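Quick heads-up: it's one chain on its own, the form predicted on its own, in structure tokens.
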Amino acid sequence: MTAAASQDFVGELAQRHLDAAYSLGRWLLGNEHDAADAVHDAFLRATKSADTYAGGNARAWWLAIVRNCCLARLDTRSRDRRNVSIDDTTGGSDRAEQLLPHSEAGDVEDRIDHAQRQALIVHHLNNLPIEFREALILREIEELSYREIAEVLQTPIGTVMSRLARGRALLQKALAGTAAGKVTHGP
């Protein structure tokens, strides 16, 4: 593939799946600025390595590159804890409103309750270990098939299924613990 052809291929691919890449980045990294930087890094990396693309699912190939860029940023973060983003200290309700379905409830109390549940889900999802969080994001939010998730994560389908099951169980347990906490600590 010529340099111009590979740049066109990657540009079209990135544009077609930009929302999915950005959403994955936000979920893995926790804020919009790092997600945008990771997607940009992924675009540069994909452009450089487009000649290694062997065919198959282009979306999975692109999201795997985005994921790897996000993981590299997370690794850098863990080595250098002195740089804390202001975005990391703000509430997660904005992200919940952007990423989770909106309620059509007409009642103010229902909408407040719905927003609180969304924020709670986002909070517990963000606290899951990365391997479970990324599997759940790719399946439930990005709606990738098990096979596509396996390609993105570069793991067997059985591992994907296991991570999804364990991730869902951990999320349910965390949500149930929160609900139980509200009942026992309530007025």
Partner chain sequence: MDHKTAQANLPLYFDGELDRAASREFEAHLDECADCRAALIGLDDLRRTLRDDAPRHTAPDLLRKRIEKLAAAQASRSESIPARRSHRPPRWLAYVASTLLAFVAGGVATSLWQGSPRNAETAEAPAGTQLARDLFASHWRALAATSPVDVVSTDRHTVKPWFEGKVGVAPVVRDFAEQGFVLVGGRIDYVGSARVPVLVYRHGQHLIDVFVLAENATANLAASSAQNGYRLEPLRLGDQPAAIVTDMDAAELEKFVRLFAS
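Numbering follows the first chain given and starts at 1. Bear in mind that the values here come from a model prediction, so they are computed numbers and not experimental data.
Beyond the structure shown, there is the form predicted in complex with its partner chain, which is absent from this document and is the topic of what follows.
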- Query: For Leu18, is any heavy atom within 4.5 Å of its partner chain in the predicted complex, or not?
  - Reply: yes
Query raised in the report: Should Met161 be counted as a contact of its partner chain in the predicted complex, where contact means heavy atoms within 4.5 Å?
Result: yes
Does Trp61 reach its partner chain in the predicted complex if we count a contact as any heavy atom within 4.5 Å?
-> no
Exercise for review: Decide whether Ala179 counts as a contact residue for its partner chain in the predicted complex under a heavy atom distance cut-off of 4.5 Å.
Suggested key: no
When its partner chain is considered in the predicted complex, the residues of 22-60 having a heavy atom within 4.5 Å of it are Tyr22, Ser23, Arg26, Trp27, Glu32, Ala36, Asp37, Val39, His40, Phe43, Leu44, Thr47, Gly56
